[in-house]
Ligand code: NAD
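Single chain ahead, by itself, as structure tokens, in the form predicted alone.
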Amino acid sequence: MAFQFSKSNLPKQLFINNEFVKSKNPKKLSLYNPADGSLVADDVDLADENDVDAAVGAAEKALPAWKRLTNIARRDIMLKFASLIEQRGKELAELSRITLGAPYASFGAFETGMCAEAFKYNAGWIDKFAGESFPQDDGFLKIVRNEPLGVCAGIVPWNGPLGTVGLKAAPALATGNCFILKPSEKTPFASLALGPLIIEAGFPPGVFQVISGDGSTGALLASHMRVRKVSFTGSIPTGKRIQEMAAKSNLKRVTLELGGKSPAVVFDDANLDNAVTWLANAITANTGQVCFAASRVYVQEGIYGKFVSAYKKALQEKTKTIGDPEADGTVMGPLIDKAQFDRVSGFISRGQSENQGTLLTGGQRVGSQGFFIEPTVFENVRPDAEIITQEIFGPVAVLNSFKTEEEIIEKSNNTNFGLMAGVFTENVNRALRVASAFDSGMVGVNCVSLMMMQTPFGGTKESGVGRECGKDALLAFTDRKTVMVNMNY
């Protein structure tokens, strides 16, 4: 099956058992272009219970042979798949951009690269993911094996429709599981277009499948009695429902990567240019639709005035890069759809009308069509204001000053989120002290809003359960089996 998908030939069918098949569900998904609001397609398959059962059945049939496949063979399939993603990177990014609106240069290239890198990284682990053994001085040799869970599912978000595929599918497949991917109903095309690449890479039928759908499809996977693990990235309310469905069904394993309201703390001795650059980029990347965006900025009193001036200027420069996501030079595209535009606009409007803070810059729609909005900053924001306590998921930041280290630790941790935090200072002792005091899964020192493939990615509190990336991701898709051998028999 040759790869032949493009804007004029979109993948719209389910990919089950290495074939594109029509859904048995008469309901279809409708998708729109956020740059101008035009209809992209209204006939994309929405997987129902029959389709999910078919995918699970195919995965169960494929599982024994996939588990028995040699490490070298599985590694080579995954490396070939990574290479194919790299070769088709621009086309895959275009398929996401149609309904996401993310420019290729500032986001699409990064995302497809991350997906390919995830498969290469996890392929490298296949013959190195060792178990354990313990001394036999008590007469028993004790061996601990890392066993695949079985049929696993990944439910990926619309804001990272391809990158998050790599974070979930790659460790699942590397450890011998079969994997069912459910892309967001807002950005399904790049995921569905993986079908021909899955075949060309050599994945056997049923090992790696893609079923498009909405929340009802995700619920079917989360509650399915023969799915052994679900990894979800998205909102806290949906994550809680998935965990509940997993518990009520077969107590399947769950990894949840949820929201954030990440603080960034800038001390008086920080390199001002470095801090401004990181924080301006952090709130505008993917038009602010990033879970670990640094949306709460705290600056010490001594440099607050200088920071405000530089931060405002940097974001006003970003505003000049807003435009058609297909045009060269565009850095910021639109928000993904009208619902998200109305949500972000509502936060901005209430922030002004309710005097939650003082509008420093931005806050306006850009253009008369599409869902473009200026980078927006409120300063002197009340601690109980919704713009500082709730995740907005758009290019909106709050900016407050602080006096002491003790004060800012309390303010930074005063949230139900705990995904990312950043500290900017030239004092290494302070940096490490504050990093230790942050209640978050990840901390950047003189940087923020980033992740590494080799290290655990995830948050504390309501920002999630479990970790992705690194060895932690492999452990999350395996069970530990203890084998005890009687050496005195």
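Residues carry their position along the shown sequence, with the first being 1. Since we're looking at a predicted model, the values are computed, not measured.
One more form of this protein exists, namely the form predicted together with ligand NAD; it is left out here, but the text below deals with it.
Contact annotation for residue 374: none of its heavy atoms lies within 4.5 Å of ligand NAD in the predicted complex. For the chain shown alone, residue 365 is not a contact residue for ligand NAD in the predicted complex, no non-hydrogen atom being within 4.5 angstroms.
Looking at residue 158, you'd find a heavy atom of it within 4.5 angstroms of ligand NAD in the predicted complex. The closest heavy atom approach of residue 177 to ligand NAD in the predicted complex falls outside 4.5 Å. Of the candidate stretches 99-107, 242-250, 356-364, 318-326, only 242-250 has residues with heavy atoms within 4.5 Å of ligand NAD in the predicted complex.
The candidate site formed by 291, 391 and 419 is fully in contact with ligand NAD in the predicted complex, as each residue has a non-hydrogen atom within 4.5 angstroms of it. Contact annotation: of the candidates 200, 214, 405, 268, the single residue with a non-hydrogen atom within 4.5 angstroms of ligand NAD in the predicted complex is 214.
With the partner omitted here, the residue from 163, 218, 206, 370 that has a non-hydrogen atom within 4.5 angstroms of ligand NAD in the predicted complex is 218. Residues 257, 258, 259, 260 of 257-271 are found to place at least one heavy atom within 4.5 Å of ligand NAD in the predicted complex.
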